[in-house]
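There is one chain below, alone, in structure tokens, taken in the form predicted on its own.
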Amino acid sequence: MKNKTQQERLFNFGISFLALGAFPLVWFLSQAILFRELTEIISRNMLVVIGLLVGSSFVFLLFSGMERLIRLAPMEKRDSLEARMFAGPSIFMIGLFLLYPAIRTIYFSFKDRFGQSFNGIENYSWAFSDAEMLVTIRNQIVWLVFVVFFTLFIGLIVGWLSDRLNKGEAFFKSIVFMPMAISAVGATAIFKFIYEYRPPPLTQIGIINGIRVSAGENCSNNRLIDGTLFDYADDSCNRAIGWLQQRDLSGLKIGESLEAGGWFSNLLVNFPLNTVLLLIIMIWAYTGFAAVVFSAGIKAIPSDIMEAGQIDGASEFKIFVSIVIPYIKSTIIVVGTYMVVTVLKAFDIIYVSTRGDLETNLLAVKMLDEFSKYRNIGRSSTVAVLIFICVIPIIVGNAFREKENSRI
């Protein structure tokens, strides 16, 4: 009896090893070797066709063989072994394409610019002492605070108001959600036209500057009326402003008045105007997503609880604060987590608008700059590690939250 139990354990261990280790390893190596050899022989289009046919057939044969082995196991062990069989390739691929690159990136963060010799914590000292890098970290913090807060805040308000509509709720939600259908590059291009600046006396094609220089009795954006040109060259006209070129408020009239104030006014003078104007793009793009998700969460609240609050004489604001927010707390956390991760990997908006110049850079763009522009593998890896460190608290917090929810 004892020998039989040991044999069953060895058999289960062998199948588990095949499912979690040997099976995915054989699958990956066979595909890698096969297509490495075929790359030099046939065209790319034909390689794709062969990959679909051979790859899927090979996976089918492997799964079929594993299934036959699992049938030899005791009945009570088959479910767990089948789960391992399907989880094995996924775990292997996660380790190969996520875990291994992460460990290798941490390893390179302690090396020099060519990734050859170790230089200790020199790269990390640079990250927290270099002026340009400190501005990048400041911008990333500003993005995290403003984008996440305003996306959740405006999304909650819009979701609550849309749920109060008697008619046109679907149309209103579709309009609010529409920016989400636009790519980050497209949204940035739209806002670049809004912030566009041309030096005088050129016609301002940016919406904000066009309205600004046209304000006034004798001021216009280079319009020809009855043969007379109306421009904005007069001193009484407002001047055009390069919005994305404004690192702070010192170049504006409001900045000149603030500089004469105390320490708080001097702090406002250093307000990163162009950075805030760029993060507005992400708020505009993702507010509709947050509003639709929150609206779905609000609709899941039992109607009798809402009616009880109204019967007790609670105002709409009181119902929103005391009933709605506590009930959709988990939804708020999920959307907030998604927005934090999205902000940490924000790349398109900065790359398309300013390319990280004019003190608008973010960590994701800085990582690419250090790798491709400055050819510094060590510093690029260090920036990647910093992004990863920022994500760790989010991952750990969500893990503990899911653990708490599973106990309830």
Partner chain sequence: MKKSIFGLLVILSMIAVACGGSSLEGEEVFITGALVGNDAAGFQENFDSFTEETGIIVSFQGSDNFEQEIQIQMESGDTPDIALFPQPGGVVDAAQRGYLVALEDLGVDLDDYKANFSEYIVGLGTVDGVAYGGAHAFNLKSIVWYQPAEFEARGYSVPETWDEMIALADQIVSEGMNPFCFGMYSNGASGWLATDWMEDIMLRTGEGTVTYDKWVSHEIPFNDPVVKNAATLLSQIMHTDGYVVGGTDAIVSTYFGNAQDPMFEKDANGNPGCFMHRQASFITSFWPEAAQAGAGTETTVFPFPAMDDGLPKAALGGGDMFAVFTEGDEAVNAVVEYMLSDNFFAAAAQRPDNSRIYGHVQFDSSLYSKDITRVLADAITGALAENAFRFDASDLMPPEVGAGSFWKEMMNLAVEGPGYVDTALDNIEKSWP
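Residue numbers count along the first chain shown, from 1. None of the values given here were measured: they were computed from a predicted structure.
Beyond what is shown, the protein has a form predicted in complex with its partner chain; the following relates to that form.
- The partner is not drawn, yet in the predicted bound form one stretch among 62 to 70, 46 to 54, 351 to 359, 338 to 346 has residues with heavy atoms inside 4.5 Å of its partner chain: 351 to 359.
- Taking a 4.5 Å heavy atom cutoff to its partner chain in the predicted bound form, the contact residue among R223, K318, K77, R198 is R198.
- A heavy atom within 4.5 Å of its partner chain in the predicted bound form is found for one listed residue only; from F114, F86, F128, F193, this is F114.
- Mapping the unseen interface onto this chain, Q245 counts among the residues with a heavy atom inside 4.5 Å of its partner chain in the predicted bound form.
- Contact check for S265: no non-hydrogen atom falls within 4.5 Å of its partner chain in the predicted bound form.
- Using a 4.5 angstroms threshold between heavy atoms, S372 counts as touching its partner chain in the predicted bound form.
- Taking the partner from the other structure, its partner chain in the predicted bound form has a heavy atom within 4.5 Å of a heavy atom of I377.
- Shown here without its partner chain, the chain has only E132 in 119 to 145 lying with a heavy atom within 4.5 Å of that partner in the predicted bound form.
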